[in-house]
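Let's start with one chain on its own, the form predicted alone, as structure tokens.
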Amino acid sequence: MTEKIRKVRKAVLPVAGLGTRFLPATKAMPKEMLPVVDKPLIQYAVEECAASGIEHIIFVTGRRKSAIEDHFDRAPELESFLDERGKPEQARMVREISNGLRFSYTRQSEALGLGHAVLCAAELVGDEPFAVLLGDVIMEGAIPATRELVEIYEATGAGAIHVERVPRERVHLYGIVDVAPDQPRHPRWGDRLLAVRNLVEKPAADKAPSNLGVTGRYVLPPEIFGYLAETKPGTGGEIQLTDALCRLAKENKLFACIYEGKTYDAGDKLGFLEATVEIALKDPKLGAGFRAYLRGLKL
């Protein structure tokens, strides 16, 4: 690693959204705390961070999000209660929720877009590279998604994002990348690693430059904060992260890696149900019984 390429130690998790797609369940509960099998949705992203070498997580929160802070805080009374009741395994599980990570919290006072949420973390991140994880996206693969992007950043010194191939009829739901043609295969990531020329936010199918949609995992250099500060608000007065990523791309400082694992968009009701079912089926304790139950359904 060269002197200029610093270790990625921090991750920003924007969690200030209102979760309107899950009303009324999210009227009083943060969407990120909805359970997927036996863990809140946000815990999957935090566990991915821990498995990726991240040391410090910065939550960009809003009103009514104190449950997230409570979840990752110590709970000595609960731990003692479980130990005293002869439930050491549950006590250990509660103790290890934070995974030894450091947590910080900052407020996004207004819902002004993902780019604005990331910019809110600038002071806590400082002048170093960092990851961004969308907390309502669960990514499962042989290698933790964020770790792969960290390794790409540390190998190239450029920003890195994960993308996946999406059906043409769904490209209008994604940020879509325009990649440089006829690229040489990377010796480590092969033809999965692509230089990004541009990004288009939610294009019509006939205007999309590709079918490679951004998944919700990013590793970015600190100069992205300067680009975000200069980005003018777009539709709805929001500052889009995509606009700042375009600046990186135009300077040949952004790679897209085609993700090889499974992505669940659990911020969508159908995606949330798919994640719950498929993760439950993989659970060593629940899987067999749940599979038998599903097979017995008469639909």
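What we label the rigid core is the largest C-alpha set whose atoms superpose within 1.5 Å from one form to the other. Bear in mind the structure is a predicted one, so any value in this text is a computation, not a measurement. In this text, residue numbers run from 1 along the sequence as written.
Here the subject shifts to the form predicted in complex with 1-O-phosphono-alpha-D-glucopyranose, a form of this protein not shown in this document.
Peer 1: Given that the partner is absent here, state which listed stretch (69 to 77, 170 to 178, 146 to 154, 225 to 233) has heavy atoms within 4.5 Å of 1-O-phosphono-alpha-D-glucopyranose in the model of the complex.
Peer 2: Correct option: 170 to 178.
Peer 1: Considering 1-O-phosphono-alpha-D-glucopyranose in the model of the complex, which of 114, 138, 196, 219 comes within 4.5 Å of it through any heavy atom?
Peer 2: Exactly one residue meets the criterion: 114.
Peer 1: Taking 4.5 Å between heavy atoms as the contact cutoff, choose which of 82, 214, 121, 208 touches 1-O-phosphono-alpha-D-glucopyranose in the model of the complex.
Peer 2: Among 82, 214, 121, 208, a heavy atom within 4.5 Å of 1-O-phosphono-alpha-D-glucopyranose in the model of the complex occurs only for 214.
Peer 1: In the model of the complex, does residue 158 come within 4.5 Å of 1-O-phosphono-alpha-D-glucopyranose, counting heavy atoms only?
Peer 2: Judged by the heavy-atom cut-off of 4.5 Å, residue 158 is well away from 1-O-phosphono-alpha-D-glucopyranose in the model of the complex.
Peer 1: Does residue 134 reach 1-O-phosphono-alpha-D-glucopyranose in the model of the complex if we count a contact as any heavy atom within 4.5 Å?
Peer 2: Looking in the model of the complex, residue contacts with 1-O-phosphono-alpha-D-glucopyranose include residue 134, since a heavy atom lies within 4.5 Å.
Peer 1: Even though 1-O-phosphono-alpha-D-glucopyranose is not shown here, does residue 128 get within 4.5 Å of it in the model of the complex, heavy atoms only?
Peer 2: Outside the cut-off, so no.
Peer 1: Any chance residue 240 has a heavy atom within 4.5 Å of 1-O-phosphono-alpha-D-glucopyranose in the model of the complex?
Peer 2: Heavy-atom contact with 1-O-phosphono-alpha-D-glucopyranose at 4.5 Å: present for residue 240.
Peer 1: Determine the residues of 54 to 88 with a heavy atom within 4.5 Å of 1-O-phosphono-alpha-D-glucopyranose in the model of the complex and present them in sequence order; the list may be empty.
Peer 2: If the 4.5 Å heavy-atom criterion is applied to 1-O-phosphono-alpha-D-glucopyranose in the model of the complex, 54 to 88 yields nothing.
Peer 1: Quick check: residue 66 between this form and the one not shown - does its CA shift reach 2 Å or more after fitting the rigid core?
Peer 2: Residue 66 C-alpha, core-superposed: shift of less than 2 Å.
Peer 1: With the core lined up, does the C-alpha of residue 236 move 2 Å or more between this form and the one not shown?
Peer 2: Moves: yes, 2 Å or greater.
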